[in-house]
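Only one chain is shown below, in structure tokens, and it's the form predicted alone.
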């Protein structure tokens, strides 16, 4: 029995897609199942020299031997879902829970026309907030009501728990980041539900006793898209001098850049129940680390930073990304666990 949850520790865009893809290839899960809000979160994966941006499917799709599932807690935009399935040619191994709520055009219109959501909060405009509101009011349509989705419908908790009980490895993929949690984030500048590891388990129907590892992904330089507090934010000019210019996968908006936030990292690791830390962007801290794949080949500056992260969180750093490609990573799990 083995299940691992991977979640973001800051405001999203931490590089979870890269970490999830690496774990998928190294640990070979039977199922990769996605929790989270909906298509308002985008994951970018670089594989075989190509970049893939996904908003509905698990970013671990690059591992071709895994079944891809979407949990009942996730909102589905049928057009986005079907387009991704066809584009990535994963029709034969993709399923979504029949209880997923549906994002309709009226939800998208309500999201984009709301001065509060699109103006003050900086919503992605994908309809997630209004759709979740309908879910709470028990008026939302479910996936079982949409004809085009019928071939993909399944009972995700049954599938996932059956796999775990059979001794198979299941990888649970979170979206967005802890600081965007409706409960624990920088309210009201947050998303429309919780984003912690506990919520991801609930989204896919797995009880806490079946979760073995919780990997929280942190970025060396945290980023944020849209409005809201960002205590360690630096100026765009300063970010440019460090060579850090990023844009959101879904919105295309320029990301705000900040320095490492040890206080937030510690709180995030605590609430998520982190057992491991994955650290991305170490090559942004020191360009000499780009593409390095061995711990002892990291610079002293980079290793000192990893030590700082472990001191701040009280959790071992087991995965260190040194570039965007799948193979540019240092995996210390065998040494530290």
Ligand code: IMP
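Residue numbers count along the first chain shown, from 1. These figures come from a predicted structure and were not determined experimentally.
As for the form predicted in complex with inosinic acid, it is not shown, yet the points below apply to it.
Among 182, 121, 108, 80, the residue placing a heavy atom within 4.5 Å of inosinic acid in the predicted bound form is 121. A heavy atom within 4.5 Å of inosinic acid in the predicted bound form is found for exactly one of 258, 157, 95, 226: 226. For inosinic acid in the predicted bound form, the listed stretch (266-274, 294-302, 34-42, 307-315) containing residues with heavy atoms inside 4.5 Å is 34-42.
The closest heavy atom approach of residue 112 to inosinic acid in the predicted bound form falls outside 4.5 Å. At a distance threshold of 4.5 angstroms between non-hydrogen atoms, residue 196 is out of contact with inosinic acid in the predicted bound form.
Proximity of residue 253 to inosinic acid in the predicted bound form: non-hydrogen atoms within 4.5 Å are present. For the chain shown alone, residue 190 is a contact residue for inosinic acid in the predicted bound form, at least one non-hydrogen atom being within 4.5 angstroms.
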